[in-house]
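Taking the form predicted alone, here's one chain by itself in structure tokens.
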Amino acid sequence: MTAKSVLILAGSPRRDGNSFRLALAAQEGAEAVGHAVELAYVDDYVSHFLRDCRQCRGADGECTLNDRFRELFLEKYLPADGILFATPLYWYGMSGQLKTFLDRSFCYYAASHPDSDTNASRMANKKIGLLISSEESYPAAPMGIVHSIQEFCRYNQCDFVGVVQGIGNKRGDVEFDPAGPIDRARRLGATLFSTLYTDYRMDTPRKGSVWDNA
């Protein structure tokens, strides 16, 4: 497989928490197969919520919110071939930091930005995975996050290839989850670009079997 670039966005403000441990495992998996991986804490880059662009966009069309989002988005997110979002479950949704990252991306593909077309095209065609830690184990608990990322990918024409949920609360709890989320996160990192991805429509050309050797 050709080496790719992967950005892992850790959405928790908690250093060395459970979602971050899943992120580290995914990084190990991706690096083991030769990909170049960067892991970034969103909290280090984003400190302002999305505002009304008509009021805070500069005369040159650039966002004037004074934090490091521009660096994270333009220099790290857009160039990456694959993205892994890592977040704890907060009130049945993603962390505020990660949600703000997604919200703020609008500033750069909105028509009012001078490079909107270029930025929008560079947001497309990425492989995207999701890592979630939660104390609750019932299957519907993380569905709000899954749906948000699913629709983000659909809107931006990206492939949402996998989700790993680890159960834990205290730091390191996910390592004892008998479902093996650390190993599954490692596998997701390793297979981010090789996992079969299908999203059929009525007119999608289809073979009789999913697998070539069946």
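Numbering starts at 1 and runs along the sequence shown. Bear in mind that the values here come from a model prediction, so they are computed numbers and not experimental data.
Below, we turn to the form predicted together with a small molecule, even though it does not appear here.
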item: 4.5 Å heavy atom contact, Glu136 and the small molecule in the model of the complex; value: yes
item: Residue contact check: Ser12 to the small molecule in the model of the complex, 4.5 Å heavy atom; value: yes
item: Contact test in the model of the complex: Leu72 vs the small molecule, heavy atoms, 4.5 Å; value: no
item: Partner contact for Tyr90 in the model of the complex: the small molecule, 4.5 angstroms, heavy atom; value: yes
item: Partner-contacting position among Asn169, Gln157, Ser47, Gln150 - heavy atom within 4.5 Å of the small molecule in the model of the complex; value: Asn169
item: Listed range touching the small molecule, judged in the model of the complex by heavy atoms within 4.5 Å, from 116-124, 103-111, 90-98, 72-80; value: 90-98
